[in-house]
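Presented below, as structure tokens, is a lone chain in the form predicted on its own.
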Amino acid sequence: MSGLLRFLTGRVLQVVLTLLGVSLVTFALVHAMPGNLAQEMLGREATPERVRSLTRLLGLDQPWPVQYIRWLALLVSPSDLRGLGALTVPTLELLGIAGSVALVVALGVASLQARLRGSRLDRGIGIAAYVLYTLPSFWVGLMLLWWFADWLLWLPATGPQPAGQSVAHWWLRMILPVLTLVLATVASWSTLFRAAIEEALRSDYVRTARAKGLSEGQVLRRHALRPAALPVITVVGMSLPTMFNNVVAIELVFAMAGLGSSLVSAVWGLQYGMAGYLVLVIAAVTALGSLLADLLYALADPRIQFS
């Protein structure tokens, strides 16, 4: 337990230092942008008096260290935390559902390819995965939107809304965004999972299991999937930043109110403070996901020590 506690303490400290570094970089980039932020927010027609008043109100006339501390204080204020929480939930719901579905599908496809290695079905799946991997997620979302919402009229054209919908309607609106993220994720995951499973199938203990007369399905389920779980956990943990990039495009395509679409709106609307908050939230979720992957990695293999 002491080893686990030391491991958690060290990793949490790394997460905190990482977030502080991200906040410093974000703050510096915002203030390095050309022009006067107050002027940009008020428009070119604003009078100098109004610009000076907003500058004082925002604290933009203070030294950078003072502005940075004020910005961090605003970040952890209860009102901002509630607002960010409302934006974070839809994004986490999309990531969680799509990630779970993509994991099951990718493992199933990779296992099938490993059992049918070299067959026409294996080569066909490989080609399809490569083509799907090259397609941008926003294009996949637009095609699904056109096909299922505009042409067949089977599904709503927009994703879940913040309020005013039943559970059944929420799930109906979530289908297309989830399907888009699954297709954008499963292509790369299935290829990497297949390589991990094939490596496990070439091990000595798998050859021993085959010599005992076990079928390929039994060998795969009992002796190959558990060792393959280690690289699978690594792949999933390392894929979080890429999944967040896809979520930004998906939320815009399906008009969802989440972290990704709000970040784009904040940047276009010159709401740099909100944009900085959202960047930090995305960095925090990514860092926590990496921490969870490390814990699962150690739990999946008892030989790995937390110390």
Partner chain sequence: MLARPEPLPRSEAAPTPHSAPWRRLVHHPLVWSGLLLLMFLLLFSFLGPVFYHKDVNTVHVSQMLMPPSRAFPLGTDALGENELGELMIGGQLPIWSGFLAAFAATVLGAAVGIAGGFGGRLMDSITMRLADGVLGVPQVVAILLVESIFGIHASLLVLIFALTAWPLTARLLRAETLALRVTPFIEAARAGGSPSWRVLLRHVLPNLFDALVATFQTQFTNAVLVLAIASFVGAGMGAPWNWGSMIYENQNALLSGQWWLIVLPGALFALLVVSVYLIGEGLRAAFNPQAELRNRPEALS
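Bear in mind the structure is a predicted one, so any value in this text is a computation, not a measurement. Numbering follows the first chain given and starts at 1.
The following text describes the form predicted together with its partner chain, which does not appear among the structures shown.
When its partner chain is considered in the predicted bound form, only one residue from 124, 162, 118, 136 comes within 4.5 Å through any heavy atom, namely 136. In the predicted bound form, its partner chain lies farther than 4.5 Å from every heavy atom of residue 66.
By the criterion of a heavy atom within 4.5 Å, residue 143 is counted among the residues contacting its partner chain in the predicted bound form. Its partner chain in the predicted bound form is approached by residue 245, whose closest heavy atom lies within 4.5 angstroms of it. Although the partner is absent here, residue 26 is a contact residue: one of its heavy atoms lies within 4.5 angstroms of its partner chain in the predicted bound form. Using a 4.5 Å cut-off to its partner chain in the predicted bound form, each of 150, 241 and 268 places a heavy atom inside that distance. Heavy atoms within 4.5 Å of its partner chain in the predicted bound form are found in exactly one of 109 to 117, 126 to 134, 171 to 179, 92 to 100, that being 126 to 134.
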